[in-house]
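Listed next as structure tokens is one chain, alone, in the form predicted on its own.
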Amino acid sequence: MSGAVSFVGVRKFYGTVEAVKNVDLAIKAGEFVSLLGPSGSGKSTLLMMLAGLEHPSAGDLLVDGRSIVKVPANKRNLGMVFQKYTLFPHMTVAQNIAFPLTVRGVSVQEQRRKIADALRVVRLQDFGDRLPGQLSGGQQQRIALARALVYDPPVLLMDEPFAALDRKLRLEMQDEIRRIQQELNLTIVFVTHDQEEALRISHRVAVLAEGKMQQIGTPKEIYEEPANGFVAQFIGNVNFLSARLDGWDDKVLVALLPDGRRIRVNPQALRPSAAPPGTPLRIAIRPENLAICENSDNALGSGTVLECVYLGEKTTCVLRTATGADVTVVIGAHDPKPQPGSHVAFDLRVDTVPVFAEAA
């Protein structure tokens, strides 16, 4: 069982609307890749084309180097798990899991062995005789997963499978699918609109918008070195500041802020790197890279506190600057919290931070 997947110049039209625009993506065997983006970004369409439920208008789809574009969906041997469990309510758990084996003509004896293995993988060994209506939502999702794994597919496709679960259960299922992926060394292509989920479970994340691939990279690369303003803003929270390119200092970008202050910008995050001095910039700084400070002298900026929201391990404070821009700062959950209406200064936590800069 291998499971390398490639999208090569894939396009998809619905009438005159191009939903997927020339997407190239290579996924290694045993890799967990999430397709992440807002509604209408093309992520589910890519997955449906891989599953054989949609046909690409152009380009090719490869599994282990062989084109599957002309292979019917039921012959592709790819596992699929949807948001809706689609379990047969009148069948027991074991019968539900056995269904794809029965269709493939697997012997009853072999079915019993494979069902037992699948139930072991999802940790529901004692649930084979129950009906789906006797299971919780998380247990039903595990059975749907077991059914998709029972015939040993080289690739597992998952379309927002945990979206209907509550947060605690969703986190448990994320841990479970990571464990299963590692245990089976399975290739997983996972569709989600949840940024935190994608960062938490994936080896790499492919960010899409309006049918185009915006960036593909590890969670760390996507978060700390976004390729453009969309990725910087879509992945987590970000503050945008206006500046001008002042020059370079030992391969580190120096940006000049409107108040005359210079800050150093991580060069890996710069787009474009060849911009000349004086180029207007838009700089993105993560809230956790800012801190509220008592002394406003030489601070990055200041503003009026609009609100502070307690979130358990942290508190987020939103400040409105004199220009009308809102800046979010993260402080420790037990740090002193400024009162709404008070005027405070904010500054960088460190001299050089992983931020994004682009020509404005």
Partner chain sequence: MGTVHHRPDIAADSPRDLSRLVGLLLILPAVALIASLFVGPVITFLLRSFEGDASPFEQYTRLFGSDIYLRVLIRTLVISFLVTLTCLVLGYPVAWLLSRLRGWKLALLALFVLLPLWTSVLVRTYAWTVLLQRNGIVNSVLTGLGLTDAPLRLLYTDGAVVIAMAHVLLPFLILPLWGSLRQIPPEFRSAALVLGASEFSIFRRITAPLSAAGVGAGCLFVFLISLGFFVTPALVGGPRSMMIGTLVSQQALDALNWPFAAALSAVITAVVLMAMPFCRRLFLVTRAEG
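If you're wondering where the values come from, they're calculated on a predicted model, not measured in any experiment. Positions refer to the first chain, counted from 1.
One more form of this protein, predicted together with the partner chain, exists but is not displayed; see below.
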Taking 4.5 angstroms as the cut-off for heavy atoms, does A26 touch the partner chain in the predicted complex? no
Considering only heavy atoms, tell me if P89 and the partner chain come within 4.5 Å of each other in the predicted complex. yes
N237, heavy atom within 4.5 angstroms of the partner chain in the predicted complex: no
Considering non-hydrogen atoms and a 4.5 Å limit, does the partner chain approach A51 in the predicted complex? yes
Among the candidate residues L290, M80, A284, A255, which is the single one with a non-hydrogen atom no more than 4.5 Å from the partner chain in the predicted complex? M80
One residue of Q109, T102, Q182, S136 in contact with the partner chain, assessed in the predicted complex (non-hydrogen atom, 4.5 angstroms): T102
Partner contact check in the predicted complex: of 168-176, 206-214, 92-100, 183-191, the stretch with a heavy atom within 4.5 Å of the partner chain is 92-100
